[in-house]
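The chain below stands alone and is given in structure tokens; this is the form predicted alone.
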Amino acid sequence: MKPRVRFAPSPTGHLHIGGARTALFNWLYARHTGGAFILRIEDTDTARNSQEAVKLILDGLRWLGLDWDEGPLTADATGPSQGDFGPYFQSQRHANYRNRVEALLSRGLAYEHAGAVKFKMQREPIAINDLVAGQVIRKLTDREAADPDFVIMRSDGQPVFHLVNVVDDLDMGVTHVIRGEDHLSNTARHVALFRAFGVPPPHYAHIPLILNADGSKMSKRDKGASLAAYMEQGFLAEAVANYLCLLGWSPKDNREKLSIEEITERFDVPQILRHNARFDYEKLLWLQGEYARELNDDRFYELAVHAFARAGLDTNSYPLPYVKAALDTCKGKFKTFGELPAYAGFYFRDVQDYNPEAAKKDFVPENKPRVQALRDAFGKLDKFDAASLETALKSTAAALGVKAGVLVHPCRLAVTGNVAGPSLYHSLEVLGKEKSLQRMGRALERF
């Protein structure tokens, strides 16, 4: 029988990076073995669930390229769901849970208590043969020993996590449960429920936690915790997916940059590391840079245009050759596409404001005649290209008896509003003679 795995998030907030990694590991195992990957939304906690959170989960999985294999056929407001399948929603499966509770009650394996239903938990230790953690013997704690039974359906008729988790895994034929190590404490109860239903439990594999760089547990508020943040900051999905794979898994040859196809071919559960993984933001940025350098022109342009659009800059109002020429000056010069609007937004908006610290340093009285001389030299050029502009600037600097940098800095500030950015001479060429001279003239009024 081919493996069947699932990812079962609760829609109570953004998709945590740990949840994204869990989904990825399940997807990789399904694809590696030719099995099935099931997406199931655990939304029985109606007070905390939200449709916005469901959308964040689906958007995040699709962005990572994780498709699921089955579910109710559906189409949401923005188009068909991935693979034309929607996820399973536990809120639509209440009849299944009620039937299972009735079966336990009828066999004396559960009983009513204060309007709720409690499961009769076994008293003997439970052995869990975990594929990652090894054999774990779960004994009752001192507190549990007095009353180890636990609620499976509340007094308002709502089933609890332990019940729905097991019933769905049972009904959906899940063979392997790959989930975070923080769920290991729940597993004994789940094993007991499977046995009560007369079914062997699935194979469990509890993957290590993701920690911050300082070794503390990564919370939802920590840097790097939200997958949505990477999407908004303009990271490449393939770089993020590659990095997530390295958090708790390692190929045998210790390579770090691998395509998702290579990882799928190599990935297996026994290779998952036992120790907790520390999140290294700098390594992620390094991978991002490696993948960004390999982008073909069309994808680079597409992602860049989207980054400008998110920042409110409309590149569609400019000629396509101008847009491409502007973007060509930015290749290899930034880490994430989210940085691009600040780095090169001057191509697509007028410069009205200037970096205040740089303006104090460069927009000073002694620089005004120098910049005016440079503007005059640029105005006399018949050919307004990078090479001619560089020659004109250096010649002007020599005539004024100053170093080229004395002119470069105020000129860059005048035409871009900032102290850093693409090559000055290429930026001027892209902007063109009229716009460059206009911006330099406007800046001279600020001296």
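Quick note: we count residues from 1 along the sequence shown, nothing fancier. Not measured: the values here are computed from a predicted model.
Keep in mind the form predicted in complex with a small molecule is missing from the figure; the text below concerns it.
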property: Heavy atom contact within 4.5 Å of the small molecule in the predicted complex, the stretch among 239-247, 122-130, 160-168, 261-269; result: 160-168
property: Any non-hydrogen atom of Arg98 within 4.5 angstroms of the small molecule in the predicted complex; result: no
property: Partner proximity in the predicted complex: Val5 to the small molecule, non-hydrogen atom cutoff 4.5 Å; result: no
property: Exercise: Arg179 in contact with the small molecule in the predicted complex, heavy atom 4.5 Å; result: yes
property: Contact flag, His183 vs the small molecule in the predicted complex, heavy atom cut 4.5 Å; result: yes
